[in-house]
Ligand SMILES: Nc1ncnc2c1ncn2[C@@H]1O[C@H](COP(=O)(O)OP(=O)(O)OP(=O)(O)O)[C@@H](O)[C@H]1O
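Here's a solo chain for you in structure tokens, the form predicted alone.
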Amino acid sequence: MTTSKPTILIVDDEVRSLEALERNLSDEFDVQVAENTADAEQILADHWVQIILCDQRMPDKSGVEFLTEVREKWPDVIRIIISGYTDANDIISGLNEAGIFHFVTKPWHPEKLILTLRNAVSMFDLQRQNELLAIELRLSERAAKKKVGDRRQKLRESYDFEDGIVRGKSSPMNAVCNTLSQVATYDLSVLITGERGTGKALAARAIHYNSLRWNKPFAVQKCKSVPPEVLEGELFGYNKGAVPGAVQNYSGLFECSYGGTVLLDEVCDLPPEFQVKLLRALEDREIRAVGATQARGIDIRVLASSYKDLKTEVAEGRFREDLYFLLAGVTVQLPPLRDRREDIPLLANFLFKQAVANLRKDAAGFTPEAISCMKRYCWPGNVREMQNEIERMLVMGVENDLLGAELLSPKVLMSASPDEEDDVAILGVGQGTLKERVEAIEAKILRESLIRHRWNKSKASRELGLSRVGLRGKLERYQLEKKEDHA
């Protein structure tokens, strides 16, 4: 494999000097020679020259004058002056005006001259690499900005109120989404209430990404079980040495999220001693870091979520009334999953796709029976509980197979069938005779065992200690049979 030699242009009006230089340098360099500056300019125009070795004293113009012109037209070329006269003014002019790399004196030593030219070639290569890197960085910056912009836009679309929040046509979430979409574009504080696992953080993100602050930071601060001094540092920041272990200044969420949105998650658990500090910060729109003497302005939109009724908390003295009114500019109540039966199949499939991506294990989906069991269950843990259940089913299931009802937890399988009364109604005081209540429990146990064994009556009868005839009689009595319902 051959590699091209670096090209060097020698400019000298003395023919013998040109011949001597060419003879000593031709083994390592591609040497071009010129007896005057006009010929040299033509060579520069026709060849890719890396280094110019120019004599200082020539009849038409000096080496400094010529290299100054070269610097303007071909700035990448490494410029070297060779001269038998060591005039200080020539050297200074060469450095300042022509930007020369080196000043070689005559008589020159071949080995030293070659070493100087090698260094010049290295300098030329470094310049070229630096230029290419600068171009690549500019291109990378544009590509990175575009990539971040595209991802941010995609993230925003995933929280769209129409398509981003999974729900059915007649879901109670429709009214909630309408309210959220109306308040999202206004800089109002919003209090999102609902049971744990109903998606309060999701609703807060939807508000942020549909607001005018959508391209600014969104931060979440959990308030449950956090000491007040820690909360103050996390939200307001602290100075070096102000708290134990603080080896440098720390900017809190309110400062880092400037222009964006901060969600105070489960604000009902906010320590009473910190509530007044938070109230003052939100009213004055400024914070003072722990250990700081100067206050700093903040520009954030504050959202809050609570699984408790804050009005009750205020009435019982556990939450400041003025802070409540400041946070509850608009209050939105999220319905529990048991009130969203129509949404359960849609949510199950949505969470299934997320689980497949997160766990990297594929499956064909759910059987209709599995969906039917999910719809009958009351889901006290709401969407979070359903997510855990689906991830468990995916892990326990067979790769690329349908996830059946037998993979569900016993608590889900024991749920009431659609035509039965609720557990509390059946087993409550004064609700049916002892026989009726026992039969209701027996029917549930039979149904759960059959589903878990994929309606294999032999396995179910052995597990329950019944004969096949006895099991068949109970199934006929309770009218239990596998329903091929469709989800």
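Small disclaimer: the values here were computed from a predicted structure and weren't measured. All residue numbers are counted from 1 along the displayed sequence.
What follows is about the form predicted in complex with the ligand, which we do not show.
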Work out which of the listed stretches, 379-387, 130-138, 146-154, 274-282, brings a heavy atom within 4.5 angstroms of the ligand in the predicted bound form.
379-387
Contact with the ligand in the predicted bound form for D76, defined as at least one heavy atom pair within 4.5 Å: yes or no?
no
Can you check whether G252 is within 4.5 Å of the ligand in the predicted bound form, heavy atom basis?
no
Is the gap between R196 and the ligand in the predicted bound form 4.5 Å or less for some heavy atom pair?
yes
Looking at the partner-bound form in the predicted bound form, is I165 within 4.5 Å of the ligand by any heavy atom?
yes
I need to confirm a contact call. Of L347, L113, V332, I371, which residue comes within 4.5 Å of the ligand in the predicted bound form, counting heavy atoms only?
L347
With the ligand left out of view, which of L326, A201, A246, V104 would have a heavy atom within 4.5 Å of it in the predicted bound form?
A201
Using the arrangement in the predicted bound form, list in sequence order the residues of 31-64 with any heavy atom within 4.5 angstroms of the ligand.
none
